[in-house]
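There is one chain below, alone, in structure tokens, taken in the form predicted on its own.
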């Protein structure tokens, strides 16, 4: 069945349940503290999907907002936060231009969602919008693909995996057929969810695009925006792993501080 994967929030949530979100939020809090933000009272998760991160921040007593554009994801995340009775508000908005109910101290964009910003103009607009919604000296943490996959065509993360949860098995193939246009720097590939439930198998496929972003390009766009500078960089959701070319560094995680 051809359909957008973002209109399948329950399946998407299971597919990405392999991540330990509690540990990931521990990293975000530690990285923020090392960058000078030791007391977080409010945060926002951008491109939140099922809102795993802002829900975890909310569990820790932090006012949290999730921003997503897909109706199905927003409805799903709103139901999860309502069921958990969390102080977490899910907002339907475009992350290129959005407004939160209040300014926050920390914003995050996880799981390489940042690569969905397909043009340099989109990225600059997004950075400006994030800055407008942050308090003075606020932080923005972005989890991105490691740039090594751009230059040597070696994926920094697995393209295929399988997760089973509550009797539902989801096998994911995230664009193992990917190709990149060297002129536009846009990648394209087929994403497939194969779902097994009650002895029945159903397959959902769609074509996804993403923006390949090097560190050099990111530095240039940050300079063009003029709203942030890089406070720290990590290669994993672990402050002990630096961002470098070692195999342990499989991500490019940027901790950005808003200029006063």
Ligand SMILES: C[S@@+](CC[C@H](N)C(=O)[O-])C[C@H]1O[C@@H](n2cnc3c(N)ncnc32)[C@H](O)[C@@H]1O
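Residue numbers count along the first chain shown, from 1. Since the model is a prediction, treat every value here as computed from it, not as a measurement.
Below: the form predicted together with the ligand, not depicted.
With the partner omitted here, the residue from 192, 70, 63, 214 that has a non-hydrogen atom within 4.5 angstroms of the ligand in the model of the complex is 70.
Only one of 124, 178, 111, 168 lies close to the ligand in the model of the complex, with a heavy atom inside 4.5 Å, and it is 111. Stretch 92-100 is the answer when you ask which of 130-138, 184-192, 92-100, 77-85 has residues with heavy atoms within 4.5 Å of the ligand in the model of the complex. Using a 4.5 Å cutoff between non-hydrogen atoms, residue 116 counts as a contact of the ligand in the model of the complex. The shortest heavy atom separation between residue 53 and the ligand in the model of the complex is within 4.5 Å. When the ligand is considered in the model of the complex, residue 248 lies well away from it, no heavy atom lying within 4.5 Å. With a 4.5 Å cutoff on heavy atoms, residue 48 counts as touching the ligand in the model of the complex. Residues 6, 12 and 19 are all found to lie within 4.5 Å of the ligand in the model of the complex, as judged by heavy atom distances.
Contact residues in stretch 216-238 (any heavy atom within 4.5 Å of the ligand, taken in the model of the complex) are absent; none meets the cut-off.
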